[in-house]
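A single chain comes next, written as structure tokens; it is the form predicted on its own.
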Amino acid sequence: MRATRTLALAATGALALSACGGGDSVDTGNGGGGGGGAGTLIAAVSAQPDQFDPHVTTAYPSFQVLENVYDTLVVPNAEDLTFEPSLAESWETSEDGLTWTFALRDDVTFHDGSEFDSADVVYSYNRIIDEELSNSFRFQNVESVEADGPQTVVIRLTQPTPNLLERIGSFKGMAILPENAAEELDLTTEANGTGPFRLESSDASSTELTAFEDYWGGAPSIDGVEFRYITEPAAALTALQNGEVQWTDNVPPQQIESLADDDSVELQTTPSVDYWYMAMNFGRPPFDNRDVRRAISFAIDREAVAEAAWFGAAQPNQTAIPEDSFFHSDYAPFEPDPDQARQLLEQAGVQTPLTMGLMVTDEFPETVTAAQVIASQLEPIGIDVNIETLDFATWLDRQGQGDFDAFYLGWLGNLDPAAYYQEQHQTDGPNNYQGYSNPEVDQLLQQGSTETDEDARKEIYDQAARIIVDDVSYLYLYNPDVVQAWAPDLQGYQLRADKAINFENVELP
């Protein structure tokens, strides 16, 4: 999903990134909610959700909340991100790989008290497909989704799809809604899920959830969760150290090392499945020129950008997929070379100085810091970068309208190579905001989505990645670590490489 889940919020499978500042003192006493436990968890996040329709949003701030409100048929295991049962208790695959049969739980209710059954799954998936919503690409190989009785769902495919579980369960963009939910609710501001918490309210300062006593996995131990928007990392950390909040993922990167010895917080890090990147608009000259994009890529020192953004908690990477993944490619054709960059600009007939707008958002402060470094690296080759610092809602709107020269963001929660590449680089892909189109890449990405042999699949995606990198569809920069901190007496929280924020097992003293 983006921090866009790019997301590239990024985003974002993958999500995009985003919202408003906060930071006032809060009451963390034992009030509110309807769970069986004591108190409301106060979580400091950097941005406000753009909306709560899981089938439409691609913004990571929305999924931080929705992770706790909705469920999917299957879900990534917190330990190794392999898939395990959730709303589906089990599943079977036909010998030819074209029919998947899911057996559903029979002890599940929605927050409004209605019972969950197969009609809800069919409705949810067909809504995404028929209305061509954000994740419709995930059903690219799906022929039909049908109920076979109230507790069975059958998904029929046109081609073998080895990553079907990832396609339907990697994040809450694939959430199961009650039948006809979009006709009965305003899903941008309301929710009716089967998850451990109910959505109670949301405004410009916070989003509040309360425990769902009838949750099929058992009622949470806490009464609820309040997400408070604190844009400045230093303010979020201070609120945590002062006991005003109990959890945050908005940790100042420059303080990660020193916080390891700070007894006032529990700090944990782990390599993520995220990547951060810059994209240029293929619909705006001269960024439609491959030589211009390659010139910019040769001018950028990725190590310096990663260091400025994350102070050692990020690994430079030119191909998106982190190095500890089986699908990682070590292809890295761009080393900082200002002379070659200038030569490519001249070859493209570009008159310098050239002005390039670069959209970032202060709700993800690392984008601002990194953009300043990028600007300093492009200035010597004759490119003046105009850093446009926007609120995330405006950033998302302009990205969607194609109103940019370039933007900088990340994609989060990627669990399969298709999540790293397909929707972002396939012609007319739903997250291909830069407007890239290469028939060879299209063919490779389609092959990769149906190849069942893992070694052959890796080679296909390696080929696609090399072309994407050479064409600079995305200018990949680095893979950051997941960095989160919480109060030492908070129990039951588990850090995840996919950055899914799940509070159902948390206990407060």
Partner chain sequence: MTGQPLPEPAASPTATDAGVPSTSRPPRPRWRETLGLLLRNPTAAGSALVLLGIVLMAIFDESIAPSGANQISVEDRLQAPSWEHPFGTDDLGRDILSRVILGAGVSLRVGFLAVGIALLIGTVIGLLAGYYGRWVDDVLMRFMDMLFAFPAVLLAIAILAVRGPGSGNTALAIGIVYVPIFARVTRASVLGVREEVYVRASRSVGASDLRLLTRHVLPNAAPPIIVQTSISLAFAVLAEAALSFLGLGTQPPNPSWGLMLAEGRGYIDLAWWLAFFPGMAIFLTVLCFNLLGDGLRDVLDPRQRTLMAGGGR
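Positions refer to the first chain, counted from 1. This structure is a prediction, so every number in the text was calculated from the model and none was measured. Heads up, when I say rigid core I mean the largest set of C-alphas that superpose within 1.5 Å between the two forms.
Although not depicted, the form predicted together with the partner chain is the subject of the following passage.
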Can you check 418-426, 119-127, 216-224, 363-371 and let me know which stretch has heavy atoms within 4.5 Å of the partner chain in the model of the complex? 363-371
So, in the model of the complex, is residue 351 in contact with the partner chain at a 4.5 angstroms heavy atom limit? no
Please tell me whether any heavy atom belonging to residue 405 falls inside 4.5 Å of a heavy atom of the partner chain, as the geometry stands in the model of the complex. no
Does the partner chain come within 4.5 Å of any heavy atom of residue 232 in the model of the complex? yes
Heavy atom to heavy atom, is residue 387 within 4.5 Å of the partner chain in the model of the complex? yes
Note which of 108, 147, 103, 304 lies within 4.5 Å of the partner chain in the model of the complex, where distance is taken over heavy atoms; exactly one does. 304
Contact residue in the model of the complex, chosen from 255, 438, 269, 205 - any heavy atom within 4.5 Å of the partner chain: 255
Spell it out for me: taking the partner chain in the model of the complex, does every residue among 287, 340 and 344 have a heavy atom no farther than 4.5 Å from it? no
Relative to the superposed rigid core, does the CA atom of residue 224 travel 2 Å or more between this form and the one not shown? no
Superposed on the rigid core, does the Cα of residue 379 end up 2 angstroms or more away between this form and the one not shown? yes
